[in-house]
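First, one chain by itself: the form predicted on its own, in structure tokens.
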């Protein structure tokens, strides 16, 4: 059994040797490294890394034949280059059985080389998580540029034990048939991929001493790293992964009831001459949580929705319908839908409505204010329980409008769209002398239940309060 972690190169790398020129080249789909005047020891190193793998000592011994005292230095240079390219795997074996492999997810995945000590205790990082990938249990963390693929119950058992601080000798005593070498090597793998943290003698967790990291919640950091490039190997952007597999959603959601209210359309040409200047509107924009004695009117609501969110144009493409609206949207997909919850508005009954941005009309969904009170209460609490909002505009996303085209960043784009629609609504409301305020939280489950929407197809992603000014 190896006395160290076993190193190998990823499976998509090939070695091509040219005997006449004494060169050998490592090829991956994106990169290549050529070794000139290659010597027998280096050949052994490369073939070992490509085939069964080898530990550091074995690789050093191969290279020492040719390089002598420079072997360690040269080996470190080569391994660092392989790590920079994201080529180098690290494996743990128990006897001849593979326990786990640390696989790079991107370039520059330097193995930290932190040492494991007999007396030190270790704890699973609060950011680490297990999930299923291609029929394998995988351990990942937003702190790491590597994932650990688990091939044995022993690896999962070790991770379970690390829910409380323990030494590698503790692991050996707690897990049947686990050798000291395997326990130590597995902790080597975990500490150098940032899956575990050392616990000091005073029971302080090293990971928590980083005050910036301490202020991240698990789900926020995971979402951040998974929707940005740099710490994963997933495809990113407009990949159209469901093209010819699933039909794209239409641009316009079908009307949700036959109880329709046609809304007022303002004269935009006249507004160009009468509105305050853009600079004045931008500088006066603020959140207002107190409302006038007289509520917002249905004409004001119609003008507000028309200026903020109407559909200007639908465009047919070979990959589905796209649209043009007053605010920007990735790929012109416009997955956001608006559901005004009317608490107080002149000339319109209280209830929840769906806004059709193409026909500029509202369709009634529910007039049961007892049911809607919970949504209104949540919004009021988010606003500091000042005045109850006269109108709450719930923003939902038809998620598949975005995820049909975009990979890895779909939900990130949805939230960015909520942000730009917020700003558009703020500016329109300011220009109209209304009281706007973005709302920081909402109940997506409750919305789905009231509106009759499938939570995984469409549900709320943002809320916006609107009313008349004092």
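Numbering follows the first chain given and starts at 1. Here the structure is a predicted model, which is why all the values come from computation and not from measurement.
One more form of this protein exists, namely the form predicted in complex with a small molecule; it is left out here, but the text below deals with it.
Undergrad: Does residue 425 reach the small molecule in the predicted bound form if we count a contact as any heavy atom within 4.5 Å?
TA: It does not: once the small molecule is placed as it appears in the predicted bound form, residue 425 has no heavy atom within 4.5 Å of it.
Undergrad: Though only this chain appears here, would residue 383 touch the small molecule in the predicted bound form if you measure heavy atom gaps against 4.5 Å?
TA: The answer is yes: residue 383 has a heavy atom within 4.5 Å of the small molecule.
Undergrad: Against the small molecule in the predicted bound form, would residue 40 count as a contact residue? Criterion: heavy atoms within 4.5 Å.
TA: Judged by the heavy-atom cut-off of 4.5 Å, residue 40 is well away from the small molecule in the predicted bound form.
Undergrad: In the predicted bound form, is there a heavy atom of the small molecule that lies within 4.5 Å of any heavy atom of residue 437, even though the partner is absent here?
TA: Yes, residue 437 is a contact residue.
Undergrad: Among 283 to 291, 345 to 353, 296 to 304, 179 to 187, which stretch has residues with heavy atoms no more than 4.5 Å from the small molecule in the predicted bound form?
TA: Of the options, only 283 to 291 has residues within 4.5 Å of the partner.
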